[in-house]
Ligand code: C2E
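Below sits a lone chain in structure tokens, taken as the form predicted on its own.
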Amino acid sequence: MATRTFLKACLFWLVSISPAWAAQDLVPVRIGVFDNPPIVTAAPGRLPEGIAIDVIRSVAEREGWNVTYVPDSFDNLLSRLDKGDIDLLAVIAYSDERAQRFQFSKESLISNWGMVFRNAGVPIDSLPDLKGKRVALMRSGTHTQALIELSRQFDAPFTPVYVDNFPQVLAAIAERRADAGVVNRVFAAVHAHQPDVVATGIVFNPIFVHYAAPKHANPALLHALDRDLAALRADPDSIYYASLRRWLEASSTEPYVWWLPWAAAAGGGLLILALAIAGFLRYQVRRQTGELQRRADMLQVEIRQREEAQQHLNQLAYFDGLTKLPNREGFRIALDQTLAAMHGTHERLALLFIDIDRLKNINDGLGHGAGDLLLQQVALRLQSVLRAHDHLSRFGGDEFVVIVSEIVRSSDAELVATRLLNSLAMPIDIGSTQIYSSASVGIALYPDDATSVEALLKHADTAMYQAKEQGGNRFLFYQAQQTARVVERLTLDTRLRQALERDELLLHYQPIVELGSGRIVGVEALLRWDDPDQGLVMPGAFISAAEDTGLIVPLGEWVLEAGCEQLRAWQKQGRAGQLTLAVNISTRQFEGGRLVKSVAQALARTGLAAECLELEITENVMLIMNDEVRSALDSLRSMGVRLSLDDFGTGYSSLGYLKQLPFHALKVDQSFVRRIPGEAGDTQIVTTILALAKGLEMQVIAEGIETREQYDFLRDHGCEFGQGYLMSRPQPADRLAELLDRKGMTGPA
């Protein structure tokens, strides 16, 4: 059957090269080919051969195509395919990027993957060994880009030596123009057997080989090819499988046996004829035996391909694509297996839940690409300090989990947690930027805290959350009362949302005083919660929870509108004069360009002039500084709204940003004011801030003034404005109205 099929293909080939009048009714099809044996062999001066060509000839016969082959380098053929200079490209590996440029056949011709070969005299056993080496690569090849990306991830940069095809890759290795090179496994199976070329263990980038057409071409050619290729693959006796056997085994075409009877007749001897017949029969037996062996080999190849495909699926299902660590499912399987092995013993383990601090700020400030690079570096550092039998996985987002087995006492887990935190102490290079990272770690013990996977994970997460609440960069062991605190936090969030709906929130106002004259020049709006059960609740009890849940955004918008409405009411009553209203802004209100919209709406609804509103923004805004935040600040400034940098000196200010951004004033944090003039260090900080603000032509507002000495020191050293208990505590709106009515108020109260 294979002989008949091959002869049939040869007959078609003879027809395909006959004069043009014989093909005048056929559909002309231009097919790009390049030398990529055994899939395509495109030697100069010869018609192309190979697996892909055999399939094309069979399809052309079925569909009535007049095939013209266009040989060129792979790189040039991609350009021709883009321009529509060819109708089909015979061999191309599928990738998402290429699928944006070309149409691909749905049926793949063969599966494939990249393999690295080395010169026999160059020691290369793993991917890091490629660092600094010369590596031969095919131009524009899928495996080429994949290896370059892998080398970046493993910090193993090499020098590419670009060639046009795989035979040139092997030639470059053998001739020592390259230390190593990349070919695909189909080519390697037949051609990579030179004495100077040795296979390494580096295998990567599983792909499928397809046919491709121009992006905007009529899909009829690919539809026909898919239909016929599917039929060929469904028939074990088809030209497709005959071609695989022929080319993958690097064998020649089957020998012709028709000469035997003619030779016997020419010899004229019955004995010779009998011997010839006997020889022929023995040959047929050997051929059939060989056929069975080839079928068995093909089956083994198919089994291996299926196993490799399953391994690839497992990699996707159980491993994280970014860090290459086990993912959430991989972690659960590992923990289940570990707990099952420990069942009935007195062994203990610890579960460490790790959350990377401030990753969201890095994503917002430097982009998600920087955040991804940070996570990769963090994963490498965490893995580097763990023991061989400990299990690290990426749980999702900025969360990692470590299974620490074989522990005797809780201090063993504490030692591991300390090593993990210390591994993040040094700065991490993200491109040209250095980033300092830290983590919050929660620890739950088996069987002390729980005996099930879910309970252990929940308790470790709870302990991590408590560590984060305490400022991060620390570890905490789970304690039963922590669960109660988490439940309390969830309850607080629910009650706070209800408070917003039930109008239980109100504002108190603290005067801002001009220190030189004692005149009230503004008020700061401060949020309070009139809880029916607990009475007046200060913001320190609920602002942190509101920040975590995102509720701070609607709360901040409520404060903004209520404060503007109150100041506008005082202005109409003739009480406010030129007073300004200061409102605290959370960095979360910048998300999605929402802050500018909410400020514009509040001013429009209340009729308050923009210059009467001052927004106090904490130094944390520097951590999320990007084009969107900078644009929002510029828009607010152009509207006439005043901007002040709150809690200056306690956070992350950058002098480079400070001189570029449109702030009117700095607010000195009360933690510095509290210890002046007696504390030399704080006194120096305050005088430095005053000098800095003067140089930048910015006003200074001091918070937390409680004594006459503080007031006089600040005034005498050039601080223009201040607020604090010495002048007035925060007051409800009606009490502050009485204070405003006392026109003669000067100096501290």
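Residue numbers here begin at 1 and follow the sequence given. In this text the structure is predicted, and so the values were computed from the model without any measurement.
Below, we refer to the form predicted in complex with this ligand, which is not included among the displayed structures.
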Any chance residue 559 has a heavy atom within 4.5 Å of this ligand in the predicted bound form?
yes
Is residue 724 one of the residues lying within 4.5 Å of this ligand in the predicted bound form, judged by heavy atom distances?
yes
Contact test in the predicted bound form: residue 712 vs this ligand, heavy atoms, 4.5 Å:
no
Residue 647, heavy atom within 4.5 angstroms of this ligand in the predicted bound form:
yes
Only hit among 377, 670, 194, 410 for heavy atom within 4.5 Å of this ligand in the predicted bound form is 670
Have a look at 322, 174, 543, 385 for me and say which one sits with a heavy atom within 4.5 Å of this ligand in the predicted bound form.
543
The stretch from 354-362, 522-530, 134-142, 331-339 that lies within 4.5 Å of this ligand in the predicted bound form, judged by heavy atoms, is 522-530
If we check this ligand in the predicted bound form, which of the residues in 185-221 reach within 4.5 angstroms of it by a non-hydrogen atom?
none
